[in-house]
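So this first bit is one chain, no partners, the form predicted on its own, shown in structure tokens.
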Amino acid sequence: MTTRLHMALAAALILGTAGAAAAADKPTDPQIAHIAYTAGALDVDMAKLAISKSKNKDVVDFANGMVRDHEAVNVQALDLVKKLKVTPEDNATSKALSEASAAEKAKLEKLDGAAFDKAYVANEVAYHKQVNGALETVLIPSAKNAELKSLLETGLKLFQGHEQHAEMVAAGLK
């Protein structure tokens, strides 16, 4: 159930970005910056929930890594937009991500123990898989600014590692 909801969240990212692409050929750099920042901030929020609820060391360690890494990338993103004097632009994709994440978080908040751990980690696997796909196929190819593109490419490598780590944690929870 949770994995399906997170896949819907990621589909909103991909479809929302594709909708923006249809309207203006490709999402703009300010839109891309907002989408990427929002996706990272939402994952930090979910990780903080896991840290507060889980008693499983592997899950808590994974969640702490998500907070550390996503916050670091988001700081780099904010520094870059300030340097470039670009204002991230809210858009339908960012809004859809936020709405889907709020719904998912509400479901996770109702779970405890092993049920929470499994649902959270399954969510993380699906989320990273879908966001990584969106980075590869939409966001990176659409970025015009070389520094933004480079930051997204660096983020993709890091987030591919997150996906693999989440899969290992999930396998340990079975």
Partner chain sequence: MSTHRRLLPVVVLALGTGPLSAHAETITVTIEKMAFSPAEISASVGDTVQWVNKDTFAHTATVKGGWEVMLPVAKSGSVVLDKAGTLDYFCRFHPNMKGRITVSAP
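Positions refer to the first chain, counted from 1. Bear in mind the structure is a predicted one, so any value in this text is a computation, not a measurement.
Quick note: we don't show the form predicted together with the partner chain, though the next part is all about it.
The candidate spot formed by Pro30, Glu89 and Ala92 lies out of contact with the partner chain in the model of the complex, as no residue has a heavy atom within 4.5 Å of it. Heavy atoms within 4.5 Å of the partner chain in the model of the complex are found in exactly one of 47-55, 62-70, 104-112, 33-41, that being 62-70.
Although the partner is absent here, Gln76 is a contact residue: one of its heavy atoms lies within 4.5 angstroms of the partner chain in the model of the complex. Using a 4.5 angstroms limit between non-hydrogen atoms, Met168 touches the partner chain in the model of the complex. If you take 108-128 and check each residue for a heavy atom within 4.5 Å of the partner chain in the model of the complex, you get nothing at all.
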